[in-house]
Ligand code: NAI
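Presented below, as structure tokens, is a lone chain in the form predicted on its own.
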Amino acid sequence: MKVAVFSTKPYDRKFLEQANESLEPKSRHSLTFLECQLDGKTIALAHDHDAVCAFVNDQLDGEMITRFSKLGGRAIAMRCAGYNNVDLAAAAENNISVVRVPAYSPYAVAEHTLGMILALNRQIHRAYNRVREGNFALDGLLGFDLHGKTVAVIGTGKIGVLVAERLLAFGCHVVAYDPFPNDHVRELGIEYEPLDQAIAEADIVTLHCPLTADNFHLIDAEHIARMKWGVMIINTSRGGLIDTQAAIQALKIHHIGSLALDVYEQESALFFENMSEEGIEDDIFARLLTFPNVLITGHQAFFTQEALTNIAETTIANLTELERNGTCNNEILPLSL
């Protein structure tokens, strides 16, 4: 299959080529690596390709999918778990198969989540900078014991479960919210609660759910108002789950005590790029950076050697399965929304 790989970074190329070369020569795919994102200006580069391989910030709305179909495309291979940026109905109408990587390394994201909680609580990022400047004062670095604190895990898929298990090991009291409860979570002794109740009693709220039309801005001004003063909020899932403007207002009055983000709702213009020479034009993001109690990483929670290996191998396997059978176990259908 001839595949145009968009939003390619050097590590994407390395791992995808390794996975592709592990196949028998006659079964290998022809991969065209493109650094640009997939959008209205770049879709023409997919001409004469059977498939596009896309990532979290590529544009795959109805118009883009229809244009790809007219170029001869028949498959979209997402090299991630999320697919909120794909118009599945348009794909079905144009007879384009959409496949994804449903699980690459839930451990990577879960461990990054715990790392952000610990770093933010104990001010490790600020202490690091102080010590490098010869400042060993402890004022302003006061944290709290995680032991005994209540944590609300919002979303209990594979990542949420792993986060919950690790929080229990710290001695936290964990509660959960998910429209689709997980029996394993109950076996851990964790109770499911309505969202309003879970966030109201939590010292820490951590988000691990996909982004859908129903939960866009799940954490908005109304829900923040229900939270404890000084609450810590962690988001390693999708940026659109948090109303950033509402979070900023709550940070300004110290209702949100600390905030850790690995994702941002307008991240497509920023993340995965080196912006150090250009400056940041996004005023909302720039405002977030002014808060000493905000910790941001650039969508790197997934970024481990194991995860990249699994993403590449599954992506290549998905393409191979589509090529041979016309269908794939990791195919996403409109009815699955």
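Counting begins at 1, following the sequence as shown. Values in this document were obtained by computation on a predicted structure and should not be read as measured data.
Keep in mind the form predicted together with the ligand is missing from the figure; the text below concerns it.
Only one of 139-147, 125-133, 174-182, 252-260 lies within 4.5 Å of the ligand in the model of the complex by heavy atoms, and it is 174-182. Checking 109, 151, 117, 91 for any heavy atom within 4.5 Å of the ligand in the model of the complex turns up a single hit: 109. Only one of 200, 248, 168, 209 lies close to the ligand in the model of the complex, with a heavy atom inside 4.5 Å, and it is 209. Not displayed here, the ligand is approached by residue 301 to within 4.5 Å at the level of heavy atoms in the model of the complex. Within this chain, residue 244 is remote from the site of the ligand in the model of the complex, having no heavy atom within 4.5 Å.
In the model of the complex, at least one heavy atom of residue 160 sits within 4.5 Å of a heavy atom of the ligand. Although the partner is absent from this view, residue 155 contacts the ligand in the model of the complex, with a non-hydrogen atom inside 4.5 angstroms. With contact defined as any non-hydrogen atom lying within 4.5 angstroms of the ligand in the model of the complex, the contacting residues in 219-245 are 236, 237, 238, given in sequence order.
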